[in-house]
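Here we start with a single chain on its own, the form predicted on its own, put down as structure tokens.
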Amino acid sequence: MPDDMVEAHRNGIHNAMAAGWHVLSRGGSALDAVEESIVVLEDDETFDAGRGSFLNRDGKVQLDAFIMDGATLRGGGVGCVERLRNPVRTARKILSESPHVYFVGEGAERFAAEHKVPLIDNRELVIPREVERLRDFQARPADEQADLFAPAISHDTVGAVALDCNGNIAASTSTGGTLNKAPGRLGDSSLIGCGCYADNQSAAASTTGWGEPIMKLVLAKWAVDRVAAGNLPEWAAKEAINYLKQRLNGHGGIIILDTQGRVGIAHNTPRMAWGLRTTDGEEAGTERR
């Protein structure tokens, strides 16, 4: 994240935690908590999710999101949607009201409309900052465009994990994907086990970063399997990022939470915005190595 965006990231994380904690503190489910946290982040133009997301090669916003319930292993995801302000809302309806797990593109938008989710014009998701960012990027020589996946380039996918008073965990991830991506490109965020996973028998995890290497390693599932084998989430998070780097020279970050409330946070990018709220208080940061 650029230096002048650090405080905006802190504020966004604080607001998202407040929304999730509002649910949990009143006895609500982990699933509801992660959904409400993600909605806040999708509405915050600071992040690459919802309004303010990176634009694809054609200058449009295309969004992906996934949400998963650790108690039942039910999940819901949408991919390449252009007319949803909060894709996580539709992902949740898929989880709750459909026998399927995924809908993409027009099919996802049709499902949303059928379930009373309003559709919007894609232009409502586009902001001037991102129009300028895309224009500047496309004006670069081809060899410089290859730096798009460098660790210092912002990705800003958002995610949340939660544990509720009934001992259930949940996870969600939402993104606008990478800058100048090919139309129709689907990243890791909405793919079960890649950008997001939750299972009461192991842990809940959400990832951010360069999607293609994360997909190839099914990184979220890889990490929670390490917790299932008896390792602490803190160790599993660090090992997942080490694995990402060593195997495919990938970069990104991960958050992990198990049913005992133990947490793991790791990344190999210069910064990652993160936050933690428990009964003991709140902790947040934008740098953690």
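Computed from a predicted structure; not experimentally measured. Quick note: we count residues from 1 along the sequence shown, nothing fancier.
The form predicted together with a small molecule is left out here; the points below concern that form.
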With the small molecule left out here, work out from 102-110, 73-81, 120-128, 209-217 which stretch has heavy atoms within 4.5 Å of it in the model of the complex. 209-217
Give me the residue from 140, 185, 133, 115 that has a heavy atom within 4.5 Å of the small molecule in the model of the complex. 185
Considering non-hydrogen atoms and a 4.5 Å limit, does the small molecule approach residue 178 in the model of the complex? yes
Contact with the small molecule in the model of the complex for residue 48, defined as at least one heavy atom pair within 4.5 Å: yes or no? yes
The small molecule contact at residue 156 in the model of the complex, heavy atom, 4.5 Å: yes
